[in-house]
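Let's start with one chain on its own, the form predicted on its own, as structure tokens.
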Amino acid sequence: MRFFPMPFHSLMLFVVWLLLNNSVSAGQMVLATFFAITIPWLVKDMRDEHPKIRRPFLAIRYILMVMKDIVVANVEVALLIVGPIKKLQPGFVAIPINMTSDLGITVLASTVSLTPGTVSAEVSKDKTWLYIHALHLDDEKALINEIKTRYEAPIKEIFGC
């Protein structure tokens, strides 16, 4: 067993305690040290193990791609909103998920929600379907294919799930 099961959390607890008390007196330092050691030790068994990032450079590339997609989708949604409302074809789509990791599914759902024009509505109980709402749905199969190839495939590579 390690003395500091969560060293980053211990450091943060120590610093935040001192900042909140606005004091670096000996008593506050002792109390901060006590909390920094005790709290992580008490909650260490409550942690869920998440998959590690196996491809960090792909993760950076993925983040940059999503940021670009957000900007492009903002422009597309703005043009849709400014145009005639009759042109809008909103709809729900069920996207099959081929991931087992809760973190991977969460990242996928968050990515879909971050991109303007789409929002994640629900993940099925068996975690095999992601239901999303699209502001404008021209081609359901094209949207499913885009999400699976553009977002799901890199996430599976990044986390190895």
Partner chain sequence: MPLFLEIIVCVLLLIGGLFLLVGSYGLARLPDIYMRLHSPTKASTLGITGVLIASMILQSYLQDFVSIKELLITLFLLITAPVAANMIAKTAIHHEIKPLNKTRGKALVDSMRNRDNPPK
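Because the structure is a prediction, the values reported are computed rather than measured. Each form is matched to the other, and the largest set of C-alpha atoms that superpose within 1.5 Å is called the rigid core. Positions refer to the first chain, counted from 1.
What comes next is about the form predicted in complex with the partner chain, which is not displayed.
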{"item": "Partner-contacting position among M29, L58, I39, A134 - heavy atom within 4.5 Å of the partner chain in the model of the complex", "value": "A134"}
{"item": "In the model of the complex, N98 touching the partner chain (heavy atom, 4.5 Å)", "value": "no"}
{"item": "Partner proximity in the model of the complex: V119 to the partner chain, non-hydrogen atom cutoff 4.5 Å", "value": "yes"}
{"item": "Contact of W129 with the partner chain in the model of the complex (heavy atom, 4.5 Å)", "value": "yes"}
{"item": "Exercise: S23 in contact with the partner chain in the model of the complex, heavy atom 4.5 Å", "value": "yes"}
{"item": "Heavy atom contacts to the partner chain in the model of the complex at 4.5 Å, residues of 39-68 in sequence order", "value": "none"}
{"item": "Did S25 shift 2 Å or more between this form and the one not shown, C-alpha, core superposed", "value": "yes"}
